[in-house]
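Only one chain comes next, encoded as structure tokens, the form predicted on its own.
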Amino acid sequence: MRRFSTTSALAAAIIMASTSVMAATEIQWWHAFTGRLGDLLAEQVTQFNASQNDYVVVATHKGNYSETLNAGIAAFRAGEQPHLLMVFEVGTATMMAAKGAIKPVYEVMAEAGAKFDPDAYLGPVKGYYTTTDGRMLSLPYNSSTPVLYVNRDAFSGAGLDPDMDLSTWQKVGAALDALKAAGHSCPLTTAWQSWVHLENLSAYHNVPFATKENGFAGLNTELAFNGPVQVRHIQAMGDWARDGKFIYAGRRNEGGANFRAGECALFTESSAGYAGVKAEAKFAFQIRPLPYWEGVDGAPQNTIIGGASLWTLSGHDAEEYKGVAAFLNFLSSTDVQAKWHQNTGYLPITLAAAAQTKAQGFYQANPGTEIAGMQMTGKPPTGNSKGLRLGSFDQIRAIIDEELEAVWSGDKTAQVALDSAVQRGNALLRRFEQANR
């Protein structure tokens, strides 16, 4: 009798375990991360899945940011959309215009009965993904801003003080002269040239990238990044490229490999480049604020975010959205966000995570890691510096990249190239406006 009872109990336990596994609701998350960031994302998913038995998040890499957005759009049209889609910040207007395709995060949280306080998030981050009446459309996940990385060993090797003032582009220019004269083959490189050297340049100098508050105030916006400040900067970089002081490596973050290998002395890149630099650099490095042009009224103002947010797509059932809400709250939790910020260089998206990071002594132990947050929050944003909300902006960036490459190669002046980019980009904005009236 005892043998029969033991066998029955074992069978019951197996059935219960199988039922528990089968009952777990699957949540599909499509993202754009590989490498170190992909590993850290996978760690978060594993931690969430192990923390409860109701939901299983399945994270799938779908290519770079543009490829991930396009995959999500194609999947929705085919009725095979994931629950969560990582969309880079310049895709915000496109997602907002995709009526019927998205389920705003404020609705997801409210319907799930989940605890959700939009005011817990950093203001400049929250504002990018929020409607004018304060409703959050997507959840900030990986928000960054550009900074200047310094190879201290390269400076010392060129006979320069690695602590020299690099706060302005005038001073950076002098350093590039000295590095080149010392025989350095790569004084400066960059990642994400449009984001750093036009989008953030404009915000940091409080000049418009586009009219209508950079698109926040209406679809009838027009590009304006061919003004004097932008032309001056791009022409200076074109001159540096001609003289071998600025080495162009590619449209995305290809220059990161050159910097991490120790080949380049200065590197303008996302604050999230910290994860890769910290893991790979065999030299002493430092993070500095993004330089500004001395003599421009109001500069420096504040930089704007890059990175991505998580959009919930429509077409799923209520129980699945409860799982989405639970996962988004997990990602926003203080411990998870503080660790993410400290490991990656992305901004802590919540005030609590920023406070915990400071209390833990992280900024004191890792000088420069606080700079991104200070650049973003040091001054209240203006209509020129709260971000960009432009339709078809991924395609507009491609136009900008093409025109900038013509400057770097010496085929066009900055004025001619930026005028052309504005004209070509405005044509796309008019089509977007027409399609979304």
Partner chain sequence: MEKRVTFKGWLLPLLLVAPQLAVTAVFFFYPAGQAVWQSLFIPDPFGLRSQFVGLGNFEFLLGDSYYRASFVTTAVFSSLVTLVSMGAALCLAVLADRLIKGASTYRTLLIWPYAVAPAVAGVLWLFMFNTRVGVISWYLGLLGYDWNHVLNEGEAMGLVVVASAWGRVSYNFLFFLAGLQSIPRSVIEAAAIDGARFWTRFRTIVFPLLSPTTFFLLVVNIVYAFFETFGVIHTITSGGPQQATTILVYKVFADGFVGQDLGSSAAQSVILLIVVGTLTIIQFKYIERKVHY
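Numbering follows the first chain given and starts at 1. Values in this document were obtained by computation on a predicted structure and should not be read as measured data.
Another form, the form predicted in complex with the partner chain, is not on view; read the next lines as being about it.
Student: Among 368-376, 28-36, 47-55, 393-401, which stretch sits within 4.5 Å of the partner chain in the model of the complex, heavy atoms only?
Tutor: Contact criterion met by 393-401 only.
Student: Report whether the minimum heavy atom distance between residue 384 and the partner chain in the model of the complex is within 4.5 Å.
Tutor: Residue-level check for residue 384: no, no contact with the partner chain.
Student: Should residue 213 be classed as touching the partner chain in the model of the complex when contacts are defined as heavy atoms within 4.5 Å?
Tutor: Result no; residue 213 lies far from the partner chain in the model of the complex.
Student: May I ask you to state whether residue 428 is within 4.5 Å of the partner chain in the model of the complex, using heavy atom distances?
Tutor: Flag for residue 428 set to yes.
Student: So in the model of the complex, does residue 181 come within 4.5 Å of the partner chain, heavy atom to heavy atom?
Tutor: So residue 181 does not count as contacting the partner chain.
Student: Counting only heavy atoms and a 4.5 Å cut-off, does the partner chain in the model of the complex sit next to every one of 73, 251 and 411?
Tutor: Every residue of the spot touches the partner chain in the model of the complex.
Student: Would you kindly say which of 114, 97, 279, 164 lies with a heavy atom within 4.5 Å of the partner chain in the model of the complex?
Tutor: By the 4.5 Å criterion, the partner-contacting residue is 97.
Student: Which residues in 36-66 have a heavy atom within 4.5 Å of the partner chain in the model of the complex?
Tutor: Heavy-atom contacts to the partner chain in the model of the complex: only 66.
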